[in-house]
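Next up: a single chain in structure tokens, the form predicted on its own.
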């Protein structure tokens, strides 16, 4: 594995779409007791269910602490690869590398800087040193060369690619004060284009209400095919999400992608009833620096857009809401050749994210491990 100082675009590499073929997927075993309630036991069962579903069609690699290795190995099926690796939490989308690929099918990783979604400005925990080393370690495990971009703070959940030159992100996240405040919007856009091999960046103004990542794009909008997206939506104009989603829809309806196509937008309704923390769930979380990480009644950033596209399946979060089936139906229309797999997501959303947040795809390459 070589550490590269060039840029992917200069080397002929770009970020494939998530719906393109995968070699595999990276996940991280949950353990942090101020993120995952009651010793993370329920969260681990949810992670295992997701890992099993993904491993049916691609190679699943689970990163696990030394303390949890034996437990994870016993709970996970034998086809899942379990690797000991130090991390600070389990958000593989944001700490594992973003992968890029060239026309010959070679795959490389990008090692972005990570500062726990905002560093000392408005980040979620400190320290984050272990998480900041995950990307390079994964490239070592997979024997992929790695682009050094640690001087630029970015999480995988803040970007989506259509694989054809278009990248989506949100202004609320990438222009936040805790990431790259020394850079202008134009400079950030150029950085994205150089490292993701993109020709165009679509900036959505907002994300999901109360999303503590400063509103990652992977909770509000996702590419389902070239020229097609799903957008988190509500018809309830009294819900704070309505104005946020409407602002995004206005952008999408007036934008074209890098190929000049108008975007087809499908609406993916958020749960009809807000998903909120219960007092019992809060009591199951450890304090962080003497303070609670969640409050009873706190609204969580629940969105069906936070799904994972595996080679033969789409894993869709479910919240026990009347909108659950609607989400399955919409995504079934988007992905007619994939199995739509409903995943109970309550024990994941308590941690602050969802299925897409805990997974990171590895594109198919000419030579796989």
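The structure displayed is predicted, hence computed values, not measured ones. Residue numbers count along the first chain shown, from 1.
Only in words, not in the display: the form predicted together with 6-aminohexanamide, which the text now covers.
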Next item on the list: Please state whether every one of the three residues 91, 216 and 351 places a non-hydrogen atom within 4.5 angstroms of 6-aminohexanamide in the model of the complex.
Entry: yes
Item checked: Contact residue in the model of the complex, chosen from 357, 345, 15, 25 - any heavy atom within 4.5 Å of 6-aminohexanamide -> 357
Next item on the list: Just give me the single entry in 107, 124, 149, 230 that has a non-hydrogen atom within 4.5 angstroms of 6-aminohexanamide in the model of the complex.
Entry: 124
Next item on the list: Indicate whether residue 117 is a 4.5 Å heavy atom neighbour of 6-aminohexanamide in the model of the complex.
Entry: yes
Notebook entry, point to check: Is residue 286 one of the residues lying within 4.5 Å of 6-aminohexanamide in the model of the complex, judged by heavy atom distances?
Noted result: no
Notebook entry, point to check: Looking at the partner-bound form in the model of the complex, is residue 255 within 4.5 Å of 6-aminohexanamide by any heavy atom?
Noted result: no
Margin query: Quick check on residue 212: any heavy atom within 4.5 Å of 6-aminohexanamide in the model of the complex?
Written below: yes
Check: Of the listed stretches (91 to 99, 190 to 198, 129 to 137, 75 to 83), which one has a non-hydrogen atom within 4.5 Å of 6-aminohexanamide in the model of the complex?
Finding: 91 to 99
